[in-house]
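Form predicted on its own, single chain, as structure tokens, below.
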């Protein structure tokens, strides 16, 4: 449905977007995830028509809309501050975009009722928006964005002003609402948990480029670059000294030992979710000492000391391990990922 090809953008001789290409299917929710300054909001604004790319094309359903003005794109926009009209009640806020489209009063009323039902605010129709909680105001802003049936809905950090607990709960609700509305959406965030909860696919951005795009589970279990792994909090990235080939497999030689991988790489990731602690000697197991154990509710994060450095693992259960305990760390072959 939406196709971006080689989008370039520079500000004051500084490249902000370096040839970004991306395809989004109808009804798909794609999150642009990355640190501040990586170019994700600039890319969103170029898609929306609020900014102009230096070069590259934006295609919608096969039509080049690169130079189509923002008000002619029929895109919905939702930002962090909600931008609700404080002197209007919920119904009038949601109806605003429909009135700008010169919809009839009957059609406007019907559509407002539909989207308020969709976001769970039908009983709040006549309430002033100033009397709503932050989460309720967020839902009004979403309903107002959905009301005109946008061809694409664009959301820039829409939960950023909410507290962490409310943000976590609403991110799940937001995905359900967007899917129920069957709207194509582009969602910008720097919060990986928010992206995991909302997206069909996540595009991780770094320094004006997309490092990797994949469904959330695939992205987390199999990051494609060192940057993606570390951005997702996966710290067990080990430099590879040399690589040798045996038949169709490769052996990565590192300070922790030798690991089989399926392609040459300069680093490997030892994924913490594929780790286990063993007392017996298993081929490839790494001798370590436990130096820290942090309880995280559903799991434990263990900090392990190897003679060459620190490793982190995540376990659902732990034995009665005491600090400085000697043990061996075993990584399932699925968790040895070349980068």
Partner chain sequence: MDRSRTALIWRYAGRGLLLTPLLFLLVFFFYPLGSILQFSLAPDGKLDFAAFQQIFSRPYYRETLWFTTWQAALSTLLTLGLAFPAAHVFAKYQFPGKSLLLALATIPFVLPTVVVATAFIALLGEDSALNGLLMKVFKLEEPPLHLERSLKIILLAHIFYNYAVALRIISSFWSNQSQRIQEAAQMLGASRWMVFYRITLPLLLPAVTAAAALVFMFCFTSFGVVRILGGLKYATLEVEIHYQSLSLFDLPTAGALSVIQLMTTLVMMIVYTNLQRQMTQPLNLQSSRQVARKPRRWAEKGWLALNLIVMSLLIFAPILALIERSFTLGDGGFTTRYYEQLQENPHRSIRAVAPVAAIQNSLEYAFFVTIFSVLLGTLAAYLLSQKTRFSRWLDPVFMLPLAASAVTLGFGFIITLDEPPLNLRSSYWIVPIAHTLVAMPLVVRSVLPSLRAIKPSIGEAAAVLGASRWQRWRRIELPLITRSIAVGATFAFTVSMGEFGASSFVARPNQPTIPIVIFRFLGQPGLANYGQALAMSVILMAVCAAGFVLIERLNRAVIGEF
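Nothing here was measured: the structure is a model prediction, and the numbers come from that model. Rigid core: the largest C-alpha set superposing within 1.5 Å between the two forms. Residue numbers count along the first chain shown, from 1.
The form predicted in complex with its partner chain exists for this protein as well; it is not shown, and the discussion that follows is about that form.
*Asks:* Sort through 224 to 232, 87 to 95, 167 to 175, 258 to 266 and report the only stretch with a non-hydrogen atom within 4.5 Å of its partner chain in the predicted bound form.
*Replies:* Flagged stretch: 87 to 95.
*Asks:* Does its partner chain get within 4.5 angstroms of any non-hydrogen atom of residue 99 in the predicted bound form?
*Replies:* Yes - in the predicted bound form, heavy atoms of residue 99 and its partner chain come within 4.5 Å of each other.
*Asks:* Although the partner isn't part of this model, could you tell me whether residue 71 comes within 4.5 Å of its partner chain in the predicted bound form, counting any heavy atom of the residue?
*Replies:* Result yes; residue 71 sits at the interface with its partner chain in the predicted bound form.
*Asks:* Using the partner position in the predicted bound form, report whether residue 114 sits within 4.5 Å of its partner chain, counting heavy atoms only.
*Replies:* Judged by the heavy-atom cut-off of 4.5 Å, residue 114 is well away from its partner chain in the predicted bound form.
*Asks:* Flag residue 79 as yes or no: does it have a non-hydrogen atom within 4.5 angstroms of any non-hydrogen atom of its partner chain in the predicted bound form?
*Replies:* So residue 79 counts as contacting its partner chain.
*Asks:* Tell me, out of 193, 244, 130, 254, which residue has a non-hydrogen atom within 4.5 angstroms of its partner chain in the predicted bound form.
*Replies:* Contact residue from the list: 130.
*Asks:* Which one of 29, 53, 48, 60 is close to its partner chain in the predicted bound form, taking close to mean a heavy atom within 4.5 Å?
*Replies:* If I apply the 4.5 Å criterion carefully, the residue I get is 48.
*Asks:* Taking a heavy atom within 4.5 Å as contact, would all three of 274, 288 and 333 count as contacting its partner chain in the predicted bound form?
*Replies:* None of them does, since no heavy atom lies within 4.5 Å of the partner.
*Asks:* Align both forms on the core first, then report whether residue 90 has a C-alpha shift of 2 Å or more between the shown form and the other one.
*Replies:* Yes, because once the rigid core is superposed, the C-alpha of residue 90 moves 2 Å or more between the shown form and the other one.
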